[in-house]
Each structure stands twice: as C-alpha cells, then as structure tokens.
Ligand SMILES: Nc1ncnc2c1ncn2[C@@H]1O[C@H](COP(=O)(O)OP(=O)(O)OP(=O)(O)O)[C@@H](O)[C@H]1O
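Quick setup: one chain, the form predicted on its own, written in structure tokens, and binding and motion questions come after.
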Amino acid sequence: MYNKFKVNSVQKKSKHKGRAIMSQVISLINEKGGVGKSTSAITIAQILAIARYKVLLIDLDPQMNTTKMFGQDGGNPGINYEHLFCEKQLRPDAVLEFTCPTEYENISILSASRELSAIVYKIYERSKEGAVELILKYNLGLLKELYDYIIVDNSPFKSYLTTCAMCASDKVLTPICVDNFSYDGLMSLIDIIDALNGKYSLSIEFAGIFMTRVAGRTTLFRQMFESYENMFGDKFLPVSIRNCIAVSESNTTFEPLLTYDKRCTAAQDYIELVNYLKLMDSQHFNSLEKYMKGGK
C-alpha cells in the first residue's frame, strides 16, 4: 500500500547517523480558523517523529488545540514567554526550559497557554526599541543542532506572535479549505513574507498551499483546484488531504492521527505531502514504512 510513496528527498546528512545538518523551522499559517492547521502541524510532526527525526512542536495558538492533544490541558502557565520572545538567551539549556517531552517518541513540545494573548503587547512595546521580531529566531537557533525539525502551529489571528514565528521560519505552509478560502488573505501572507525577507535579509520560503478536508473529486473541487493552480502556480501543492471521520475522532479523543488510525485516507495523504515537500530521506522513510506496515 505504501510503496507508492516514492521517496523524494534532497536532504543533506551530517555525521550524526542521518541527522540533518541544521534543523528546519516550518510554520503552519492561515489567518482563517477551521482549515485543519493544528491537525496538519500535529500530523506532519508525528510522521517525521515516526520516521526517527527529532521534532519540537511549538504551539503559539491561544486556543491550545495542539497543546491539549499532547496532554497539556492547562498549557504551561509557568512559562515566561517574554523571555522567549523578547530576550536573547545565552545557551540552549535556557531555551530547552520552555519545552517538555511528550509520551510520543521523538516529539517534544513547547506548550501554549492563555498568557500568549498578553505577550503580544509586550512584543509590541519592545518593537519600539529594536528588531524584537528576530529574537525568537535567535533563541530557536540555539536548538537547531538538537532537533531535526521545529514545527510551529500559529494562531489564526494576525499578531506580533505570527510575525516572530515567520521570521524564525525556514518555510511557511498554508492549509486551506474549499469552503473557507481567502484569496486576499493568502496574497497578504505572501506579501508579508516578502517584506520580512527584504527588511531583515531573511530567506523565508513560502513552501505552498495545500487543500484539507476534501470531500471528494466533485465538480466544485476540480473547479477550485484549477482556480488555485491558475492563481498560485507551483505554490499550490498538488497534494490534497481527504476528509475522513478519523480526523474528527482523533481530535475528539486527543490522539494524534497516526496513533488513532494510521491507515485512514488522511494519514496517507499527509505522508504523501511530507514526501512531496522532500522532508524525508530514504533511511528515515524506511522507518516510517516499517511502522505503517506494522500490526498496530
């Protein structure tokens, strides 16, 4: 079943048994809610972790869906987010204090809490003094030899949090739904990335848009698919995530998708997406394939 996912990777290797030379920071961003952003962040992180990559999952959404998925129901009210977003840390251990392991192998999490809503104002005040938007990038950079991937689940609301996350990111991915699409919002996001690249000499890549919760190959789907292709060219990814009951059920039971039902259609589609984005090499893909063929 899974042999169809031909490995498509150009990832470089270091001497550390297949570890990436430096980790990639990938942000999931869409200013609209209800598009499967948290599900996508969690599932991409889980696929990479099963493939034996070390993954840090960061939840910057005050709704805390990703945090709750990993058993942190109340978030982490002890986190001093001001230190993370507004103060350069001196050593990796200082940043690691914001994270904690999960029960899932190879996944650590930096939890969200309701205090994230307040930190936006502190970031704004600090922005009057200098380029505070780059501090998260600096602090996460201290962890880049400890993790292969850092996946960021962002709030659907535009804020300084999202700006900081974009500045820290190597790639930005945007999930969309057919019935919840904003052309203006996507163009605005692309313009913001271009502006940040120019302002701070960054190299943030807009890695693309992909459709989620696709009900079927209906006439509407085909029309919208062609429309997106025409509008966004190769930035509209050819991999779509099919709608299936397992996604809703996994969210309800607070189990990551591949734990709940690794053989569901959405899980297969997310694997194809990760492969299309060239996030796995053959060695790590073999670990994933072994898991998918297992009895669980």
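The structure presented is a predicted model; accordingly, all values stated were derived computationally and were not measured. The numbering used is simple: start at 1 and walk along the sequence shown.
Form predicted in complex with the named molecule: not shown, discussed below.
Using a 4.5 Å cut-off to the named molecule in the predicted bound form, not one of Ser23, Leu56 and Lys144 places a heavy atom inside that distance. The named molecule is not shown here, and in the predicted bound form it never comes within 4.5 Å of any heavy atom of Ser227. In the predicted bound form, the named molecule sits beyond 4.5 Å of every heavy atom of Thr253. Remark: Gly185 does not count among the residues lining the named molecule in the predicted bound form, judged by a heavy atom distance of 4.5 Å or less. Of the heavy atoms in Ile44, none are within 4.5 Å of the named molecule in the predicted bound form.
Contacts between stretch 232-263 and the named molecule, counted in the predicted bound form as any heavy atom lying within 4.5 Å, involve Ile241, Arg242, Asn243, Cys244, Val247, Ser248, Asn251, listed in sequence order.
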